Ligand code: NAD
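Below you'll find only one chain, the form predicted alone, shown as structure tokens.
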Amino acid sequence: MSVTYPELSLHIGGKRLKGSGARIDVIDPATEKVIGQVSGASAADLDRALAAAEKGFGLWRAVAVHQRCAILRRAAALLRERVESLAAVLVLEQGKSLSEARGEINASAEVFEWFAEEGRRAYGRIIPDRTSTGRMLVVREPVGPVAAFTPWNFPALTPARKIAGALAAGCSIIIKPSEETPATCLALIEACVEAGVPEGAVNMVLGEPATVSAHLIPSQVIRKISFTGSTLGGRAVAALAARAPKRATLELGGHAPVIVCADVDVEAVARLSAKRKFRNAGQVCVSPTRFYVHADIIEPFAAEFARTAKEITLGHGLESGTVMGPLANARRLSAITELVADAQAKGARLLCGGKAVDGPGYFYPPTVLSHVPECAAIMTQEPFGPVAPITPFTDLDEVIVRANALEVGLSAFGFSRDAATVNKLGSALEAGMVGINRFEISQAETPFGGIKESGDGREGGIEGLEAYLTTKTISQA
């Protein structure tokens, strides 16, 4: 399949602009070839974006809610019309399979559609006054211009959550996607502008993350921060936001435990676990990661998991038949290699994979490790790659403690046929999102986010709109 990577630029005030900052190469992770270049934003470019967002906020909030939501629906329709071309571009810059990329574009359109409906429901209320002539009103208003930051693993869906949520509330937004995957986000911006979002209401900049955040977040123009990324990056963003202070939504790292009890259909759960684990080469913040499997079934579970992993076809995401593409960058390849070597050195059994593929591209095969000791680094460090560590347990209460032991709490999963156990897992697992007997925990209608060091605030669902609204009380005589 032949695909031409698009010309890149910043997008400020409704127009494409060439940045005047440092040049940035975009690399196809399947070939390691440079497929595009873009100039990052200089300080002057960022100031231009701030001015555009300030003006755009005034224009956008003045648009009637019904019309704003109609524009979001048009943007969603444009994404659906362009799913094939956008998915191919996403594959080139991020690496995932074409089928996964199509799914991501369609899911992004669904997010726009959800917020197009939910934006009409920013309801207030009337509170009975203590006098016979007065009125007490509570109204919801857009918080103001937003600065948003997104990573490379879902270059359409993560920006879509922020853009659609902000616009549905009546806010303007400046978004800085990853420099490794800029074209997909740029396509979202252009769909919004083409659909009728006014100049300056939606903007995109690029550049060194720390420099851009240090410029945008302290600005008096910016009233709200939304950040998805590493826990380390989230701490830095939160510190900047706290100085103002400004509202911040933070969606940070995870390390999802999966508790598999002895009463399950072993082969079915193992196959389901493997297919979900290796989605996007494991580069998913809610990916099932630490598999705690009852000692009575760990051997057949691990064997079926490995059999399923070996059936996954590895290749360039645009090639027919590819199920799993490469890792997104050389950093992930190095990190996974080190974690697997450490686990093996500490006694883990390698059932499949375990070595980077020779040749160009950041390819690492689906890898399954069994009987991984708790002292292995992979049990405490999020691998963010195609490696599944499996370890046994015998006591449910004890394994719940192990599952909850880390300082992250984004997602967690549990499998059992027993009703009491199901209820216990749902209540006891410490995470913002818990899946019981399924891995599907996120859709446009549901809140997405974690607890503990996995962040604060939610995207998606009614909570996703709430994040961009402020509350005003009007006391009227």
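Heads up: residue numbers just count along the shown sequence, starting at 1. These numbers were taken from a predicted model, which means no experiment stands behind them.
In what follows, reference is made to the form predicted together with this ligand, a form of this protein that is not presented.
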Check your understanding: If you check in the model of the complex, do Ala210, Glu251 and Glu382 all have a non-hydrogen atom within 4.5 Å of this ligand?
Key -> yes
Point to revise | is_contact(Thr150, this ligand) in the model of the complex, heavy atom dist at most 4.5 Å | key: yes
Review point. Going by a heavy atom distance of 4.5 Å, is Pro288 a contact of this ligand in the model of the complex?
Key: no
Check your understanding: Does His316 reach this ligand in the model of the complex if we count a contact as any heavy atom within 4.5 Å?
Key -> no
Review point. Hey, in the model of the complex, is Gly229 touching this ligand, heavy atoms inside 4.5 Å?
Key: yes
Review point. Going by heavy atoms within 4.5 Å, which of 84-92, 152-160, 361-369, 137-145 lines up against this ligand in the model of the complex?
Key: 152-160
Point to revise | Of Lys355, Arg125, Arg121, Arg331, the one that lies within 4.5 Å of this ligand in the model of the complex (heavy atoms) | key: Arg331
Revision key, fill the gap. If we test each of Gly103, Pro392, Pro198, Gly233 for a heavy atom within 4.5 Å of this ligand in the model of the complex, the one that passes is Gly233
Check your understanding: Since the partner is left out here, which residues of 154-176 would have a heavy atom within 4.5 Å of this ligand in the model of the complex?
Key -> Lys176
